[in-house]
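Each of two forms of one protein chain follows alone as structure tokens, named structure 1 and structure 2.
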Structure 1
């Protein structure tokens, strides 16, 4: 039996402070994102209140009384602690639509009729409650965003192809960079920087026209080719770094034991480099996933997810909660991807430096 030294109080305090600090830091980093998430669950009415609710309400309290034009609908406001009138109408459908889309707490027309009957029978005002539909914005987003699912699949596919193109083309150069001494090696290193020095926005349109002329209009592969331009340069650096981290002697051993250079690469270096390459794919993925400018111009029947989101949100003036939901729907795949890729980052930036 091994006796453990009792943990000292100072140590406990120290580690508590440390974790408090780390937690605060994490919360600080995520705070803007938290509000974005929270916003995406708020109803339109909530989203335009001040102060903005930190969390969405789970139900809405209504009151109904007589109004100038018909019936006066009021909604309970938690912050002001009072009912506020919102609608004066005789049209029950309008009232129902309003409750569904603005308050986010739907109430069916027959139920409204019941409440009105109560009101007519002398109870004034009539109070009632409705459950909030928290996913209202997401519902609306996917309802309005036509072909969201095929676009989502297409976007993943384009991101995947971008990864394949930039990792294969960039990876080949990265491998050459890591394993060979050749004329122009340093030039390659700095040209990677130079590609990034030229403002990409200035040549986006001409680049798209080149591709369209080559017959890649409205084809996923065409977009992948555009996105690869941006990501190949960085991939060269990152993959060079990865390959430098794999001892050359492993490959040489394979050659001595009967493998061709290509077999040696395929059977030894490639499987070993795979995790690092997966991480390198992150840059290609994020770039391809989030891009809209070229995608809008270059697609017609096969839009990417970013394009359909853009199309939906273009008109989301007065609808920030919907914009938040759309933005988050777009962010989810990249966040998941980031989660899986994070442990391989040290392979990416280990070797090549300026």
Structure 2
């Protein structure tokens, strides 16, 4: 029976559905990222406006006139197309602080005293314009957030130690599963995934007592050990699959020419397994870098950077634009790490070397 070719209309419908699906998926991924980036550059006043601006303004327009308490400061609102009063005070320092903290004016804003002198000379109102400091939220995040810089360094240490522990133990176990045959190998290989079936908080709670007895509570090494529990299981499966795909005959051939078993592994198998090891390292890094719940339970005075960002969003500071700036700053190390190992990841996925 001859199969009929799909009609042109059916092809058009299938193509349309496919492109709609891809477009929806792309928008679903890119829109939250765009929103986070844009929010991190908004001033405090813009971040709490309705509707929320899609893009931060590069400058702000001001109006200065006399008020009941002193000088009346107004800011131009693009949505309402009018100046809105924001402050009435006779203290010039208070006015400068407000312009920097709420509107995002740079630290070298136009001299307010000159504007006041212009106002008192008879020009009422006085209009002026000042550019915005787009990096103000990032500057304020690291200044007002408790322990931000030490937490950033601490998180990098924890992620690095997690990678070392996961690759060393998980890599050796993966090699053993791939090269040696022993009773219960398949059952043992499957059982290592059991630990990933439990929520992180379920493991973190009993680990508080264990780490306290070991002297590792509220220490980077303690968090690294906890994070490595789940990363080792995933590393075992990734590396075992990679090592099984590398013929053992290559190692045997190297040993025929005088290499030891370790030298054969180091010079033959290890370079071929680098894509899988890079993938395991990426998962270990991302898991340790983004973990928040376990870090909240297992730290008290030495929080990770993820905990600091979380506390910024829910704590006393409570500025959503500062939390967005912290979240974007938190994403930068992950992007940098992935950029450096992209060549090996691309090889694992069957792509060309970049």
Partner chain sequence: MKKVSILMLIAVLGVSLLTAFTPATPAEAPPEQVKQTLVFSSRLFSPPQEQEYFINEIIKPFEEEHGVIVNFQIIDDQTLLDRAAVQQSTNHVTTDIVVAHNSRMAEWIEAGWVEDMTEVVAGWTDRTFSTAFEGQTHMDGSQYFLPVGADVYLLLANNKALDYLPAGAELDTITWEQYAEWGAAVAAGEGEGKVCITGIPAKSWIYMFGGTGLSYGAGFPDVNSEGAMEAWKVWETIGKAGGFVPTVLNIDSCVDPMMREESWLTVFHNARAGQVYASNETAFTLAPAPTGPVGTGSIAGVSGYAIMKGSANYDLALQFLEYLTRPDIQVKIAKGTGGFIPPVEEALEFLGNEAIDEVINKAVLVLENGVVSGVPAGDYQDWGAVKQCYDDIFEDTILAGADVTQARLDEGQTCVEDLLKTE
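Rigid core: the largest C-alpha set superposing within 1.5 Å between the two forms. What you see is a predicted model, and the numbers here were worked out from it, not measured in a lab. Positions refer to the first chain, counted from 1.
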Only one of these is the form predicted in complex with its partner chain, so let me know which. 1
Aligning on the rigid core, do we see the C-alpha of residue 135 shift 2 angstroms or more between structures 1 and 2? no
Core-aligned, is the CA shift for residue 27 between structures 1 and 2 2 angstroms or more? yes
Does residue 63 move appreciably between structures 1 and 2, meaning a CA displacement of 2 Å or more on the superposed rigid core? no
Once the rigid core is superposed, tell me how far the Cα of residue 157 moves between structures 1 and 2, in Å to one decimal. 3.3
Expressed in angstrom, the C-alpha movement of residue 145 between structures 1 and 2 on a rigid core superposition is 4.6
